[in-house]
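Form predicted alone, single chain, as structure tokens, below.
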Amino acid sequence: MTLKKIIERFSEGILFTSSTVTTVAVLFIVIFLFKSGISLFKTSSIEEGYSLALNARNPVKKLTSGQVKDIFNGDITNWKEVGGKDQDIQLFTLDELSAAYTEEQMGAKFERLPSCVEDYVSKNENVITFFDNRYYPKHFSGHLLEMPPISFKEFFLGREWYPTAIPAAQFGVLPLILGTLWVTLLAILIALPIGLITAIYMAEVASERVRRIFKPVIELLAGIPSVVYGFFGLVVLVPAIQQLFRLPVGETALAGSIILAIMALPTIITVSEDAIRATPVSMKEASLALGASHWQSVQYVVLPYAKSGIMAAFILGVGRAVGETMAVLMVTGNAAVMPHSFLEPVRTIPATIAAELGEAPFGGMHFKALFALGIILFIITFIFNSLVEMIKSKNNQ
């Protein structure tokens, strides 16, 4: 075997190994993402190690996380509202326990806390307690409240995102999904026409001198960190939107969309322009020779030939818009509320993950919920890419 063949075999082995390792790594990441996210739907919204308890004579056996939240927030004050007797609801937590019993009754090291909880719950039929499981006696006369696991309906259609709420966390991601789509779609509608028009100008109209100046500048914009765009938006764009539309705050979905559009433009322009310039000169000359004008040649020859590259630019631009975190976090107001217009604060899925993952306890409900958001983001990106491929395949027929 010659040295040349040995080098070729070695190069092929390196390429094969590199592609295999990359594919396996991506698969492991996707598997870990889905495994961690799906596990959220096997747990209840009550923090692990804690329980809600009622008096044994209370007929209520189940409560949803929303009902628990409303009870502890004071929005639900009577057991009749949740299927119980016509009695006022009495909350009993550590604060009420300290007020009801002396230090001597609870013990110097709180060793008699379980007996205090037992005593209070047995005497008050309308009470609901929230304690660490260690504070309930082994032979508790009351009954621990059964909390159903978080359902897909509750997760995807819920309108409240309070992952750290006590005692029942709220994991409604509908505002986050709509906020992400709201910001991304407007950013695409802004960036795609401008990017394609600019690419056509640079490839077919601009002189070589102008192109040599603009091309490096546009490519340089793609390398600017997203936090810089965020600062620009926060200092320049947000006050401008606030003054122009006379809003209380300028951190809105519109600001996020404009920033995302600016960030996606370099990628869309560069890739589209390269695809347009890759059109064979012979095809354009043949079109012109048949009597077509310059713009007719661009419309009927150049753009159809370059549509694969333009679609690739679209996919890359959408990926940049959907997955962006820091810039969006800085200019959209970061409010997990249902969006009704582009002039209101919103919160996107990537911004939520970036802002909360560092504070979420590893393996806890909040941690799992953020991974579930990652699954949603993965699916949204996959759908966008699939739609583009479908359009691309239809155009090729």
Partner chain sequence: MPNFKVEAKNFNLYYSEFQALKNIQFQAEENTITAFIGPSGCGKSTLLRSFNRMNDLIPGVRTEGETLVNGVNVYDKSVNVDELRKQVGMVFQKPNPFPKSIFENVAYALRVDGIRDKRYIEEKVVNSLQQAALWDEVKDKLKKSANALSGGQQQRLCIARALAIAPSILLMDEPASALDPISTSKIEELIYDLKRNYTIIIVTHNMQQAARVSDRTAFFYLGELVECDETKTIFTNPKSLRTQNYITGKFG
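Note that the structure is a prediction, hence the values are computed from the model and not measured. Numbering follows the first chain given and starts at 1. Between two forms, the rigid core is the largest collection of C-alphas that superpose within 1.5 Å.
We do not show the form predicted in complex with its partner chain, though everything after this point is about it.
K.L.:
Can you tell me whether residue 290 touches its partner chain? I mean in the predicted complex, with a 4.5 angstroms heavy atom cut-off.
P.N.:
Yes - in the predicted complex, heavy atoms of residue 290 and its partner chain come within 4.5 Å of each other.
K.L.:
May I ask you to state whether residue 282 is within 4.5 Å of its partner chain in the predicted complex, using heavy atom distances?
P.N.:
The answer is yes: residue 282 has a heavy atom within 4.5 Å of its partner chain.
K.L.:
May I ask you to check whether residue 297 falls inside a 4.5 Å heavy atom distance of its partner chain in the predicted complex?
P.N.:
Yes, contact at 4.5 Å.
K.L.:
Taking heavy atoms only, is residue 301 within 4.5 angstroms of its partner chain in the predicted complex?
P.N.:
Flag for residue 301 set to yes.
K.L.:
Spot the stretch among 72-80, 102-110, 301-309, 132-140 with residues whose non-hydrogen atoms come within 4.5 Å of its partner chain in the predicted complex.
P.N.:
Selected stretch: 301-309.
K.L.:
Counting any non-hydrogen atom inside 4.5 Å, which residue from 181, 286, 94, 247 sits next to its partner chain in the predicted complex?
P.N.:
Filtering the options by heavy-atom distance leaves 286.
K.L.:
For the stretch 76-95, I need every residue with any heavy atom inside 4.5 Å of its partner chain in the predicted complex, listed N to C.
P.N.:
Read in sequence order, no residue approaches its partner chain (within 4.5 Å, in the predicted complex).
K.L.:
How about residue 281 - superposed on the rigid core, does its CA move between this form and the one not shown by 2 Å or more?
P.N.:
Superposed on the core, residue 281 moves its C-alpha 2 Å or more between this form and the one not shown.
K.L.:
If you line up the core, does residue 299 shift 2 angstroms or more at its C-alpha between this form and the one not shown?
P.N.:
Yes, the C-alpha moves 2 Å or more.
K.L.:
Quick check: residue 290 between this form and the one not shown - does its CA shift reach 2 Å or more after fitting the rigid core?
P.N.:
After core superposition, the C-alpha of residue 290 moves 2 Å or more between this form and the one not shown.
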